[in-house]
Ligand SMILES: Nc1ncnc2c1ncn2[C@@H]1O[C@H](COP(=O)(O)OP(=O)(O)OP(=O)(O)O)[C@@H](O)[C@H]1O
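Consider the single chain below, provided in structure tokens and representing the form predicted on its own.
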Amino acid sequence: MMVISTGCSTLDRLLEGGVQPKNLTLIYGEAETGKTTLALQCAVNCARMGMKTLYIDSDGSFTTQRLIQIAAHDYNQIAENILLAKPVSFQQQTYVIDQLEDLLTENVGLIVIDTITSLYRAELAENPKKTFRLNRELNRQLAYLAQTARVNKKVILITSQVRSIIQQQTLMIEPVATRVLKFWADVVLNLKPTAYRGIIEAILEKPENRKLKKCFYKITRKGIEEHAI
């Protein structure tokens, strides 16, 4: 089992070394907080350890240009170790996730689903009468991913869109399908913009027993880097 570095020392300290095997890790936050950049950075570091990444791009956020910026000098070698799937419907996402077990060879070190709720949200908007069925299927997918991470001792990283909730006159940001996502995730990382452009606050919401609860990082052209405040 191997821990995969995020490529940012402050985030690695927050996560006790990086993204951990046997865990389902959830990263959520507003737009431009670095969710996809962080996922790509983990994929790059996984490749540099000689392992492959199964990258499910359900949001259309994966770009070759951004991967080139992050990977830089060894892009060609990195790209060979990233297996990309781009489902365009929630049904296709279901199919891809259900095939993971057959793809998990020993040289696969990381599974990324970015964003796991985007296609679910799109179908829910088109078919509100299917809410119960869609919620049940999303719950099943997350249960399967959590079990896959534990049984196969793999690193699984999922990202989620957010929604605004007004609670007691306070505006809160929560991931779409909050309850089911946070229930199945072993690690929950909340990314929040700060008053400083490009500076993001990362808050560790789960597990709750960690001494270090938050850190800061900056988003640059090269990716996510350490930032101390």
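So that there is no doubt, residue numbering starts at 1 and follows the sequence shown. Note that this is a predicted model, so its numbers are computed, not measured.
What comes next is about the form predicted in complex with the named molecule, which is not displayed.
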{"query": "Contact flag, A31 vs the named molecule in the predicted complex, heavy atom cut 4.5 Å", "finding": "yes"}
{"query": "Non-hydrogen atom contact T36 with the named molecule in the predicted complex at 4.5 angstroms", "finding": "yes"}
{"query": "Contact label in the predicted complex: R48 to the named molecule, heavy atom within 4.5 Å", "finding": "no"}
{"query": "Touches the named molecule in the predicted complex: R221 (any heavy atom, 4.5 Å)", "finding": "yes"}
{"query": "Sequence-ordered residues of 118-137 touching the named molecule in the predicted complex, heavy atom within 4.5 Å", "finding": "none"}
